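First, one chain by itself in structure tokens, the form predicted on its own.
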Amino acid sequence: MKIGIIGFGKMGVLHAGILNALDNVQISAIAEKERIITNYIKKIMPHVKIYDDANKMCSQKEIDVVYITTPVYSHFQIAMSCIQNDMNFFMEKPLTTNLDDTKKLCSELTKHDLIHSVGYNRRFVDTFVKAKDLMDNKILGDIYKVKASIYLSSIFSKIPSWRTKKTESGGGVLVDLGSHVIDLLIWYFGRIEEVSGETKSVYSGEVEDFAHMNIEFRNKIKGEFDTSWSIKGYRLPEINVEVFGSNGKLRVTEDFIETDLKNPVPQLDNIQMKISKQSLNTGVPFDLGGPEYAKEDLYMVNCVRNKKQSFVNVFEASKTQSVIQAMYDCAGKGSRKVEYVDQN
């Protein structure tokens, strides 16, 4: 399988390293404008064809799938080029900088038979997968409440960057970090119906550094969601999800699952348990940046090989984009119904 990568920054290098290590997979083309980077590529990957025009690379029929790993402000145009050239594609999250572009992307995709996926890779983390399995098997009984958060110690100064420019990033911590948790919550509990809350900017000016939201799902589960990239003590992004049901509660992070149940269930040995990620490790052929990245890439490659649509495709990811838009629209203004691209 031949793969093209658009954008050879941190994420482009990460995916290239993983994909090149998979059986019968080869990075055959890279689109990158920065001369210093292309000179480096020529030295370490002399067989790779280099393009300075992403649209031209998307039209190359010998490529089986394109990876879009550029900043979010360029996602829409590049993804549209892939679609119009009937090119399968993987795109790092989030989809776009606004809901209007997401709608256009989804509308154009309905006219083409393509494999497409979006980089919400927490769906491939063993603990989050196991937690979903346990909840789907009703170990908590009737779920009525969820509390979720994601924090990172990253921004503590007013130094500008593309992340803090709304036209380039599409938003702040809510879209950058928070989107991972919103995607998990939709995966776990279905569509979010209504949101309300606040955002706050301390360092970033045009975008938010803090966000706190109240959420209500269509199945009437209530929730709270909190995120910031400006809290000390979090060297890496840390996700915490607590779920409450009629039979007790469950807490899941990337490192472990904790249960505290009222009554025993067949799926667990005890009502109070702590399940570590090590005990759930399913293994990957090559680990670079975390096993979830390898699982994500292996899954995408197999989807293309088997002509099977990804379960975290653009239409699925558009739900998260819809919720984020509603959260921005409601901030400090009361509650807001979520407008989905597909209202079914």
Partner chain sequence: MTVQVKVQERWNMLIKTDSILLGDNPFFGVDHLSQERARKKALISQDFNNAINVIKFCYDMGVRGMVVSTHPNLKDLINKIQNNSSLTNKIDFYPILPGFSEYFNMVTQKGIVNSINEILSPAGFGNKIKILTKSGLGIVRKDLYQIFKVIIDVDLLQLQGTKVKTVFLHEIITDLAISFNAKNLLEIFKDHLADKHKAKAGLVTKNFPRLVDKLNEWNLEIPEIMTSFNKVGFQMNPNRKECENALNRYKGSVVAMSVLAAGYIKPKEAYEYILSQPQLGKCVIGISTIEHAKETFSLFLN
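Nothing here was measured: the structure is a model prediction, and the numbers come from that model. Numbering follows the first chain given and starts at 1.
As for the form predicted together with the partner chain, it is not shown, yet the points below apply to it.
In the predicted bound form, at least one heavy atom of residue 276 sits within 4.5 Å of a heavy atom of the partner chain. Among heavy atoms of residue 155, some come within 4.5 Å of the partner chain in the predicted bound form.
Although the partner is absent from this view, residue 16 contacts the partner chain in the predicted bound form, with a non-hydrogen atom inside 4.5 angstroms.
Contact check for residue 40: a heavy atom falls within 4.5 Å of the partner chain in the predicted bound form. For the candidate set 100, 108, 255, 206, a heavy atom within 4.5 Å of the partner chain in the predicted bound form is found for exactly one residue, namely 255. In terms of contact with the partner chain in the predicted bound form, the residue from 63, 284, 304, 54 that brings a heavy atom within 4.5 Å is 284. Only one of 234-242, 184-192, 75-83, 198-206 places residue heavy atoms within 4.5 angstroms of the partner chain in the predicted bound form, namely 234-242. Scanning 27-48 for heavy atoms within 4.5 Å of the partner chain in the predicted bound form gives 34, 36, 37, 40, 43, 44, 45 in sequence order.
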